[in-house]
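In structure tokens, one chain follows: the form predicted alone.
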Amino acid sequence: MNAPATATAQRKTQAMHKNLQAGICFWSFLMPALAGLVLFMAIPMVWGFLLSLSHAQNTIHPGHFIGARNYTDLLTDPEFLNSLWTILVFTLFIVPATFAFSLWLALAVHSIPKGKAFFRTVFFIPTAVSYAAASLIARMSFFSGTASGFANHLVGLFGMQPVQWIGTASPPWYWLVLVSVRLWLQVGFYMIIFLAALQEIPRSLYEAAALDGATGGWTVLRFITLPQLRNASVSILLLNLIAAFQAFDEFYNILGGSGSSGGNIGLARPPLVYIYNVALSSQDFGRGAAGGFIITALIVLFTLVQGRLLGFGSKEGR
């Protein structure tokens, strides 16, 4: 074999060896993630779907298949349908409130000349608080219903009598408690998203607007800031919608916990609390799994509809 052919063969061998090494490194990094997805997501989802098609009472092993009976039972159950109505009402409250308040905070923090890092940290800290802990603090301290509670202390300054914030159906003050707790916990996270989007707006747009006579206020906000925040706004609305449908901790711990305010979960029971009671309290894992898939389908449906209405992914929004 001549020298050029030998050199060519050696280069091919070296290239194959490098490709083999690259492949080994690639799969070495990828396999743990794939194993985690299969072990903790794919297998539980398939197992849960099989459970939803089974009469799985007091067992987590699918076997006695009953088809879609669990789904039809849930969709005709007045309590489950009422839980869907509850989460829709909660969504109508929390999504617009979170969007407006987080946008207002982002605009306020972005406009101050000094101390932005401090205010970003202050407003973002609540996102690190556990939902369960915040719910218990709100129930036992802020909205305890006693005269010593923080909320009643505030209304007492205006000469009002103590309010039973939790446990009364009329007036439904518990909605104020549920919304305020969720708002306090998540508004800082969405504020950070808005702040990042505000920092990406070119200053030249505001300079051009100033030359045309628009120096601030509602005109600049309407025609420059809000259009430039379109992608961030759509993302925040979608994320907020998904988070609202997954509400559990504040409802369960504020309305369904122990103590003087316990046992009020019937006032506002979202689907996840209903599914929790069916699956764990009643040990009906088949119906519980079916409820989980129904909620997942509703989240996907509402997300797709909202994304379509807001033009998410369209060429105009890019």
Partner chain sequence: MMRAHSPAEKALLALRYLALSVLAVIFLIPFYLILRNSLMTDAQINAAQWQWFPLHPHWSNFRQLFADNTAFVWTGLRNSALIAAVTLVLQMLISSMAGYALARIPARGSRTVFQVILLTLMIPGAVTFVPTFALMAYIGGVNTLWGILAPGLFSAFSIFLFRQFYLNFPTEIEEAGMLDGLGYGGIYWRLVLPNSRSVMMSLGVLAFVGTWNTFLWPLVVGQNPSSWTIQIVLSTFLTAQTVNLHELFAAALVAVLPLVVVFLVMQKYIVEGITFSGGKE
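This is a predicted model, so every value here is computed, not measured. So that the term is clear: the rigid core is the largest set of C-alpha atoms that superpose within 1.5 Å between two forms. Positions refer to the first chain, counted from 1.
Keep in mind that the form predicted in complex with the partner chain is missing from the display, and what follows is about it.
> I have Ile137, Trp184 and Ile193 flagged as a candidate spot, so tell me whether each of them has a non-hydrogen atom within 4.5 Å of the partner chain in the predicted bound form.
So, yes: the whole triplet contacts the partner chain.
> So which of 140 to 148, 74 to 82, 92 to 100, 168 to 176 is the stretch with heavy atoms within 4.5 Å of the partner chain in the predicted bound form?
In the other structure, the partner sits against 140 to 148.
> Heavy atoms within 4.5 Å of the partner chain in the predicted bound form: does Phe65 have any?
So Phe65 does not count as contacting the partner chain.
> Whether Phe223 contacts the partner chain in the predicted bound form should be assessed with a 4.5 Å heavy atom distance threshold; does it?
No.
> Classify Gln164 as contacting or not contacting the partner chain in the predicted bound form by the rule of any non-hydrogen atom within 4.5 angstroms, answering yes or no.
Residue-level check for Gln164: no, no contact with the partner chain.
> May I ask you to check whether Pro32 falls inside a 4.5 Å heavy atom distance of the partner chain in the predicted bound form?
The answer is yes: Pro32 has a heavy atom within 4.5 Å of the partner chain.
> Going by heavy atoms, what in 104 to 132 lies within 4.5 angstroms of the partner chain in the predicted bound form?
The stretch touches the partner through Trp104, Leu105, Ala108, Val109, His110, Ser111, Ile112, Pro113, Lys114, Lys116, Phe119, Arg120, Thr121, Val122, Phe123, Phe124, Ile125, Pro126, Thr127, Ala128, Val129, Ser130, Ala132.
> Would the C-alpha of Ala15 be classed as shifted by 2 Å or more between this form and the one not shown after rigid-core alignment?
Yes.
> Indicate whether Ile24 shows a C-alpha shift of 2 Å or more between this form and the one not shown, with the rigid core used for the fit.
Where the cores coincide, Ile24 still shows a C-alpha shift between this form and the one not shown that is 2 Å or more.
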